[in-house]
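Below you'll find only one chain, the form predicted alone, shown as structure tokens.
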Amino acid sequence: MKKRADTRCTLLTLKQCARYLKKHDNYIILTHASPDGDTLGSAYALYYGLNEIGKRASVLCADIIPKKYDFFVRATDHIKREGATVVAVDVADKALLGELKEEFGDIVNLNIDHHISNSQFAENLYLDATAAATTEIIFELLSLMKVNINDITAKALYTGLVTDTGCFKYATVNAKTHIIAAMLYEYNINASEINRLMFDTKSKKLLELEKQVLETAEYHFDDKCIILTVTDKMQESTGCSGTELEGIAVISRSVEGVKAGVTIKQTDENKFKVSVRTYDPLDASAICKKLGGGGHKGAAGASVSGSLAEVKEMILKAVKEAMEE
């Protein structure tokens, strides 16, 4: 597969995006690394939808997909790399593709996303920063394409919707979000079971890790900022790592009085994944942009290199600047 010569990004309307998907075939659908419910729900809903209209597609993720998503994740088609149409869903920057970045980062034909920080790395982009989840967009696309949405597609869509909104708690939720959720309830999705799996179920080893993480809590700026740390040592001692850490960042946003909750997860000797959760008037995306990342106003992330002390210093500097602004 060849890199495209023209690096400019064409912004599409929803109708243009739907036409593009109908026109092409042999899709490779990419999720971001450390997959969550929205990127997986978007990818598999799109996969099932494309299959419904006779298209072939494959879903690729750099990391192992957590078993809790088995109720809608299935084996997909085998698509040859050469001549494939590459689509990235819920991916704001090619760096988020993880180990798939080298192969696909410069050849993404279409990106469907809802992150305002999207770096426009793809050949074509449909971006709706007002959408509470990328699965909102996928639902609208499938409806526009008159695709028959079945139960498994609806489960994937609902999962993305519920996980990216914190079970409809976040400020990104609007009337459209609830309308789409209500329409998905018309299918056999068993929403209460999905909610239980996503929010009320955790392994013993994750519970032990959370206990250790809470012991690292540091408060700054008159207790308006909290920093939680997940080290390699903690991951090794509990056996909890990778995609199992998905919900750790949520802990920081639950502390009374905190405006900026920061979770630092060690990914290598001198590499850390930083997750930031904020409440008004702070902007998590603006904070993470200073660290080379991005995301949403209330939730964003970045990958930062250095020692743990250096990374904390960089984070605190970015948070302080945001508070002063």
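Remember, it's a predicted structure, so these values are computed and weren't measured experimentally. A residue's number is simply how far along the shown sequence it sits, counting from 1. In this text, rigid core is short for the largest set of C-alphas that superpose within 1.5 Å between two forms.
The discussion below concerns the form predicted together with a further copy of the same chain, not included here.
- Here the chain stands alone, but in the predicted complex its contact with a further copy of the same chain, taken as any heavy atom within 4.5 Å, falls in 193-201 among 71-79, 90-98, 193-201, 124-132.
- Between the options Ile107, Ile116, Leu144, Ile251, the residue in contact with a further copy of the same chain in the predicted complex by a heavy atom within 4.5 angstroms is Ile251.
- A residue is said to contact a partner when one of its heavy atoms sits within 4.5 Å of a partner heavy atom; Phe168 meets this definition for a further copy of the same chain in the predicted complex.
- a further copy of the same chain in the predicted complex is approached by Glu215, whose closest heavy atom lies within 4.5 angstroms of it.
- Under a 4.5 angstroms non-hydrogen atom cutoff, a further copy of the same chain in the predicted complex lacks Met234 among its neighbouring residues.
- At a distance threshold of 4.5 angstroms between non-hydrogen atoms, Phe139 is out of contact with a further copy of the same chain in the predicted complex.
- Counting a residue when any of its non-hydrogen atoms is within 4.5 Å of a further copy of the same chain in the predicted complex, the hits in 158-186 run Tyr158, Cys167, Phe168, Lys169, Tyr170, Ala171, Val173, Asn174, Ala175, His178, Ile179, Ala181, Ala182, Tyr185, Glu186.
- Core-superposed comparison between the shown form and the other one: the C-alpha position of Ala33 differs by less than 2 Å.
- When two forms of a protein are overlaid on their rigid core, residues whose CA moves 2 Å or more are considered shifted, and Val258 is one of them between the shown form and the other one.
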